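Given next, in structure tokens, is a single chain: the form predicted on its own.
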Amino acid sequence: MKLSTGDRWDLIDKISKETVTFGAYKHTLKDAIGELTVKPMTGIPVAIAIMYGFWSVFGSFAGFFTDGFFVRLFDAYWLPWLQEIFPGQGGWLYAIMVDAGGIESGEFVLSSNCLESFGVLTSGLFVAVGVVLPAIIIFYLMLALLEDIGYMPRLAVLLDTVLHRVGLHGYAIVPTVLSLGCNVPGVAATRILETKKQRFIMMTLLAIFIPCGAQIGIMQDLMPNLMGWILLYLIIGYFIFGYILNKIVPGKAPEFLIDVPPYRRPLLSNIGKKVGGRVRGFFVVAIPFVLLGCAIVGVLYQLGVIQFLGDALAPVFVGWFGVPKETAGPLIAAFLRKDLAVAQLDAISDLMTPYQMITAVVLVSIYFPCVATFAMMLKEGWKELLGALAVLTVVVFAYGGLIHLIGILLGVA
């Protein structure tokens, strides 16, 4: 027997009356807090406070372990020990693996700290383990806590209107926040968006404007006084170019429906599994690329390739972007690991003004995605990857030149 639409609803109503029991609803404190954190008038101040607390804990925890423990361990014990036992001091293999050092008065001079040595076993391990690992652990711990409590869906609702301006919706906050830990799971998470247009815009913005937790950890440790300006430029670029992409990329950006769960007590087992899995991914994916990046950049320095590229690209670096030609090396390293590139920029910071350092770090961020993210984007589709790279090329030159122009107008470039 074929039922009409009205008959179907009547049947549904009859079945529900016989099977569903409604209890008395009691409005609890948890319900009240849930409502306050999802309404813009009260939810936005709460969101700002939570994000401020998030980054305060992130910076304090990462800085405490890096400066209080790992710097002393690597610079006072690990580096001197390797400098002494590794054979061939002053040779090319020694420079790549341990310490590139420097020449003063015709003599080879050893580096005094791991960050400036540029060796695979010194700078590579220190950046990966001493700086990035503490930052990654605390970032994923805080993120897992917010997820388990049930706050992330509320943040998605709050940001829905803003993200619609760039062709996305509230759920886009999930890949965005994940990318602040690592761009690879962030790109994978774009699959939760419904349309090709939304996935393309999200993937492109992540690859260009969202720095990973490793890069943020390095910036927090090496240049905390400049970090606010760097992030401000990246956030502004995110919305400017997101708005432009929304206008020129064909397709639809539909509304979204989301189930906002009640707040609940976090489970340590859930948090442990999430943090453990993500940190294991960092050891498997990130650390090998950091060490590989150190090795490749070291070889290129020894072969004179970095010097050649610096000289060849000097008109672009100096004239258009307003940064020294020495930034060629870090930009090459950025394709392998952006955290390593930022560390290399800090090592040549005496060649730059503070504004040039801001410009250089922003360029590293919006430059080609690291090779792991590049590979993940390729898995999402080669057409999407080529389109994202075309947008990226335009953004690098347009936004990099605009930042330099702003510096000139302000008299700080």
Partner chain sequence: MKILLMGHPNVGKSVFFNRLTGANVTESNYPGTTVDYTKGWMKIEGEDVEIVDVPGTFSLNPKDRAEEVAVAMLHENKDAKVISVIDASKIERGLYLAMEIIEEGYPLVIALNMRDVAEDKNIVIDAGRLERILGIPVVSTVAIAGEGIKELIYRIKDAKPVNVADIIANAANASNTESAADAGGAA
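Only the largest set of C-alpha atoms that superpose within 1.5 Å between the two forms is called the rigid core. Numbering follows the first chain given and starts at 1. Worth saying up front: this structure is predicted, and the values here are computed from it rather than measured.
The form predicted together with the partner chain is left out here; the points below concern that form.
Colleague: Which one, Lys197, Lys325, Lys274, His164, lies within 4.5 Å of the partner chain in the predicted complex by heavy atoms?
Modeller: Residue within 4.5 Å of the partner: Lys274.
Colleague: Test of understanding: in the predicted complex, would Val174 fall inside 4.5 Å of the partner chain by heavy atoms?
Modeller: Yes, Val174 is a contact residue.
Colleague: Within a 4.5 Å heavy atom cut-off, is Arg264 in contact with the partner chain in the predicted complex?
Modeller: Because a heavy atom of Arg264 falls inside 4.5 Å of the partner chain in the predicted complex, the answer is yes.
Colleague: Might Lys30 be said to contact the partner chain in the predicted complex, defining contact as any heavy atom within 4.5 Å?
Modeller: Although the partner chain is absent here, Lys30 would touch it in the predicted complex, with heavy atoms inside 4.5 Å.
Colleague: Is Ser112 part of the interface with the partner chain in the predicted complex - any heavy atom within 4.5 Å?
Modeller: It does not: once the partner chain is placed as it appears in the predicted complex, Ser112 has no heavy atom within 4.5 Å of it.
Colleague: Since the chain is shown here on its own, which stretch among 213-221, 81-89, 152-160, 285-293 would lie within 4.5 Å of the partner chain in the predicted complex, judged by heavy atoms?
Modeller: Among the candidates, contact is made by 152-160.
Colleague: What are the residues of 46-74, in order along the chain, with a heavy atom within 4.5 Å of the partner chain in the predicted complex?
Modeller: The stretch does not touch the partner at all.
Colleague: Establish whether a shift of 2 Å or more occurs at the C-alpha of Phe397 between this form and the one not shown, with the two forms superposed on the rigid core.
Modeller: No, shifts by less than 2 Å.
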